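Coming up is one lone chain in structure tokens, specifically the form predicted on its own.
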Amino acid sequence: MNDLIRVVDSPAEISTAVTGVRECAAANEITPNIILDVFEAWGAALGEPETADIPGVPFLRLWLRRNTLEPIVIRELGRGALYGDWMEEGRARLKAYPVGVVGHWPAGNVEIQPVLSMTCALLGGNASVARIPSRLSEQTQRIMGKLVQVDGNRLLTERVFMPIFDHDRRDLHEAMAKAADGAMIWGGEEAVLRVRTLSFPHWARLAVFGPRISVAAMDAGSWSSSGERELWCRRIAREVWQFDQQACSSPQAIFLEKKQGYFAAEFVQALRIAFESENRLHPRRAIQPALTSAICQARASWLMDNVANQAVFPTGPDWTILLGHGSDIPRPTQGKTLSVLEADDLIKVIERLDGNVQTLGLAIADAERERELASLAAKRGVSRIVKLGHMHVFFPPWDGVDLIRPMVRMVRHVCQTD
């Protein structure tokens, strides 16, 4: 593990390590079919006690399954790519080849993101150099330890290097960038812009997944149904709890379309029960002081801004439900703080989206209405429109782009004998 993940302090260390993984990847072509076998075993090993409790690992285990990833490879690269075959296209043939070394700059607030990003590049046959934010060091060591455990022939681990260094070490970021043929960049606006200014080679391909937020919407026929209310609330609670509401796909607000004779406060009481239950099953283990302060401020501001606003929360900062009215998305607080807004018309809600919404979770009783809302949301910049309860299902396109294909070269060969 010392060679796979280690603290670095000089550009030379990064350059030497990158050269090593580049040579390994170039010398040993590996097909997605073989990689998927290793991933399947890795996912199973992550269910062991020392890793099963890491936030996001249940999701990572689902992601690593062959029945999850094989359809993605086929859709993005073609069925023949599974076995490294050429695909016929008229008088030519096509084959996916790796771009070389892919650098990964993951966000520091999602425990599994360094690994998740890396798997996308590995499926393209690339070597991967993934910077590990310091706060994710211990979790990543445990997760990658399971890969080392199942990858006995070092088919994958020989082409992976994961340096640990502070985010303000510009010289080390530059060393990674100069050695990269591609990059997958995740995180907030400041972090993304900082990485994009690095000295990448002119041929390097950049896939950028910047800061976006997600919301949910329910029409009157869905949220007012007493028979289904409990089920919807459990789904919402799980969406909020997963990734501690820090992922781009985490719902920050949910809009309830008004219905005569029904009151959003009744729905919120059912939601409170679901939040309490989820909190018992998955209690918060730790919280940053800054987040505690932000949650307290959000509660106070919400109640003071409008006398009609309501809030439901326990004595501690474990979770918060803010109830109000309107069609605008409140400023996200995160920390399991969900705004519930009663709106006159969901069409008006969607029309106010500004392109910063990544995922829209929908609970719509009328299929034709759902198609109308989905089409409008797509025009307003939303990249993923899914059933409420599936907002974290990580399936490409992600943010409107593929995950594997950007980091491969589709080589075209036109046979001279034809």
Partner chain sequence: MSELVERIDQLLARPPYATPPAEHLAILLELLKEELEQLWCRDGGLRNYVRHWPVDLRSATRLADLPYLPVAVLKAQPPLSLVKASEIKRTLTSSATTSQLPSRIVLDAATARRMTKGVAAIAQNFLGSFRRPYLVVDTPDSARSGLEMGARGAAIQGLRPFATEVTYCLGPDGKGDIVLDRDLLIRFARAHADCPVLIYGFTYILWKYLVQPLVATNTSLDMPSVHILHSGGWKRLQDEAVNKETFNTGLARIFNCSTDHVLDFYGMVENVGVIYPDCVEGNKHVPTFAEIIVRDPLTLEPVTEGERGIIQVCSVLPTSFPGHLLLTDDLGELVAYDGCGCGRRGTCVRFVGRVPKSELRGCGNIELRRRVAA
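Residue numbers count along the first chain shown, from 1. Treat the numbers as computed from the prediction; the structure is a model and nothing was measured.
Although it is not shown, the form predicted in complex with its partner chain is what the next lines describe.
Peer 1: Quick check on this chain: which one of 327, 139, 320, 334 has a heavy atom within 4.5 Å of its partner chain in the model of the complex?
Peer 2: By the 4.5 Å criterion, the partner-contacting residue is 334.
Peer 1: Out of 92, 265, 74, 296, which one falls within 4.5 Å of its partner chain in the model of the complex, going by heavy atoms?
Peer 2: Only one option qualifies, and that one is 296.
Peer 1: Do heavy atoms from each of 109, 288 and 356 fall within 4.5 Å of its partner chain in the model of the complex?
Peer 2: Checking in the model of the complex: 109, 288 and 356 are all within 4.5 Å of its partner chain.
Peer 1: Looking at 156-164, 116-124, 93-101, 278-286, which stretch has residues with any non-hydrogen atom within 4.5 Å of its partner chain in the model of the complex?
Peer 2: Answer to the contact question: 278-286.
Peer 1: Taking the shortest heavy atom distance, is residue 200 within 4.5 Å of its partner chain in the model of the complex?
Peer 2: Answer no; every heavy atom of residue 200 is more than 4.5 Å from its partner chain in the model of the complex.
Peer 1: Find out whether any non-hydrogen atom of residue 213 is located within 4.5 angstroms of its partner chain in the model of the complex, and reply yes or no.
Peer 2: Taking the distances in the model of the complex, the answer for residue 213 is yes, it comes within 4.5 Å of its partner chain.
Peer 1: Considering non-hydrogen atoms and a 4.5 Å limit, does its partner chain approach residue 306 in the model of the complex?
Peer 2: So residue 306 counts as contacting its partner chain.
Peer 1: Evaluate residue 187 for contact with its partner chain in the model of the complex, applying a 4.5 angstroms cut-off between non-hydrogen atoms, and reply yes or no.
Peer 2: Yes, residue 187 sits close enough to its partner chain in the model of the complex that at least one of its heavy atoms falls within 4.5 Å.
Peer 1: If we check its partner chain in the model of the complex, which of the residues in 246-285 reach within 4.5 angstroms of it by a non-hydrogen atom?
Peer 2: Stretch hits, in order: 246, 247, 248, 284, 285.
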